[in-house]
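Coming up are structure 1 and structure 2: the same protein chain in two forms, each one given alone as structure tokens.
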Structure 1
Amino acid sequence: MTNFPLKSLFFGAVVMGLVAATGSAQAAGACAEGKTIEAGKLTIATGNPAYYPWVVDDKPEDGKGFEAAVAYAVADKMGFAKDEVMWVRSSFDEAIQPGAKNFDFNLQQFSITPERDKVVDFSEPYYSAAMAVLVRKGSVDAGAKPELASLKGLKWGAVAGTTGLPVVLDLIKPNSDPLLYDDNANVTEAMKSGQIDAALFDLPTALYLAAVVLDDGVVLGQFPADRTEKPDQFGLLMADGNPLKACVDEALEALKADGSLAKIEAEWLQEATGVPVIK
């Protein structure tokens, strides 16, 4: 066996690593080549305006907020530098309509549903919505905590037939039977009138209701999505038949595999919102 100097071996390993990394980046970029609406650019859409915690200060180009961070992470895996990402705005309803789009993909909490999937394409899920407990400040002042033992003593409301009801019945197991309602609006009104103390919503809805609908709303805590039988899943939305879908899905799978997606979620949907995980 030929004996090479250690320094030469180290240098060779570094060069091989750089070549492999460059080849990987080129492969990622090659996947999207000729498939974006503007050559060499990735055009991403968000809402107008885009709200926290999804986008911070309505500035997705800063990469701050859960969806802004996910967008740049996907772009990077696809071989696009930050200055090759372009942002446009669209309304939620406009985006889910059939037809040509002015973006390569759009993310503004689009739930993947069979009905929508008939007219647009979705990526693999980038977020499975956790179920969150919404209460009013009075319940917190009275001692409610993000702990199962504490939740049992609250008076619960739920929408019949939703994924939240089994969580209330089978996981929380409250001391009294929950009151059932037709929709989220009626549950919220029941909370306003003092008929119930708490209700379960997906985390994005709970954050919105606490900040906008209830004067004294508090998101007490959240259950991890894996504790929900059928969690609401968000996907990147694209025009129906978009050839870029395979590249986007590949990027998302890579982000899941290396733990990057989980870190982004922890940073922006747990730590930044201050919503603790229920114990």
Structure 2
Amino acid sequence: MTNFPLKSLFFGAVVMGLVAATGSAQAAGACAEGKTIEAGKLTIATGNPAYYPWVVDDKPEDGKGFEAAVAYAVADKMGFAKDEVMWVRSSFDEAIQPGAKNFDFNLQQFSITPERDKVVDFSEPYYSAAMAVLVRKGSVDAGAKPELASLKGLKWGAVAGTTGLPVVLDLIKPNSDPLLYDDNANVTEAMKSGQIDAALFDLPTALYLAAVVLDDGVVLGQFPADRTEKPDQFGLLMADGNPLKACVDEALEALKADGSLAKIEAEWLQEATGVPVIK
């Protein structure tokens, strides 16, 4: 039962996306009509707080930051003006719990996984994140290298609810059990107090934490998409069976086709290049 909408909508979205690529915003607006939780408005949820570089200064309504910019671009393609976009905040748990949602779609670096897809719907991915290893300078001085063998010997930490954890467990297979935390702030705090050496984040987050949160943070290396079993792809999260999904996918396809998604990525996540690849 749950597989049906995903696949059929996927194909539907591709077809419609091809059609809509040349269409106007007006046409897409008609697609969303009557399907949003508040008529004439698009309600978008993000995390509380929302972090750079996804959202600048925790103010998504400014449209600054990668996810904020993507949200407004999608809204625009769907035919919503900037002032017709409403923001709400939600935690991960609120997003995946069963029952009615208070948002049309939710973006806070939700990785698309088959298990999650049984409970909620995801849009087409809007970003494929490489996983990156964050360490402090001390570990580099002590000889940590962007090689799997070297990474095994480090003490690992991760945010408990992320897809980074299986990567640590299955790909790196560290010698001692990783310690787990609620959020990025706690992981970096544990790094500062020397309780863990390394943690795995998506690359943009790792770059931000290395540059801003840690005094001596270093992004040691990144996993190329083909080294991870399933590359980590971020999707817009929607309630299971949300009729809006087709319109959202259509809008994302349009953004990919006309190159604006790549432009947004280049603007906000440009440093993501130049980090060594882990061997």
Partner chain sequence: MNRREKYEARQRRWSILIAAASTIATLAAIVILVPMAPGWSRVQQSFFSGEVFLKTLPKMLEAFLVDIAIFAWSTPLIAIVGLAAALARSTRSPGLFPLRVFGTIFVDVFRGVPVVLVIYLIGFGVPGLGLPRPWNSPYIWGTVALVLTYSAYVAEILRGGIDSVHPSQRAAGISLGLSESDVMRYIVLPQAVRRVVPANMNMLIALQKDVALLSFIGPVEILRQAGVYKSLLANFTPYVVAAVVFLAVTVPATRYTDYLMNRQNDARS
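Residue 1 is the first residue of structure 1, and the numbers go on in sequence order from there. Take the two forms, find the largest set of C-alpha atoms that superpose within 1.5 Å, and that set is the rigid core. The structure presented is a predicted model; accordingly, all values stated were derived computationally and were not measured.
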Q) Between the first and the second structure, which is the form predicted together with its partner chain? A) 2
Q | Displaced residue check between structure 1 and structure 2: Glu38, CA, 2 Å or over, core reference | A | no
Q) Any CA movement of 2 Å or more for Leu179 between structure 1 and structure 2, core superposed? A) yes
Q | Large Cα move at Ser111 between structure 1 and structure 2, threshold 2 Å, rigid core | A | no
Q.
Looking at Arg136, what is the CA displacement between structure 1 and structure 2 after core superposition, in angstrom?
A. 3.9
Q | Per-residue C-alpha deviation between structure 1 and structure 2 [Asp215; rigid core superposition; Å] | A | 4.9
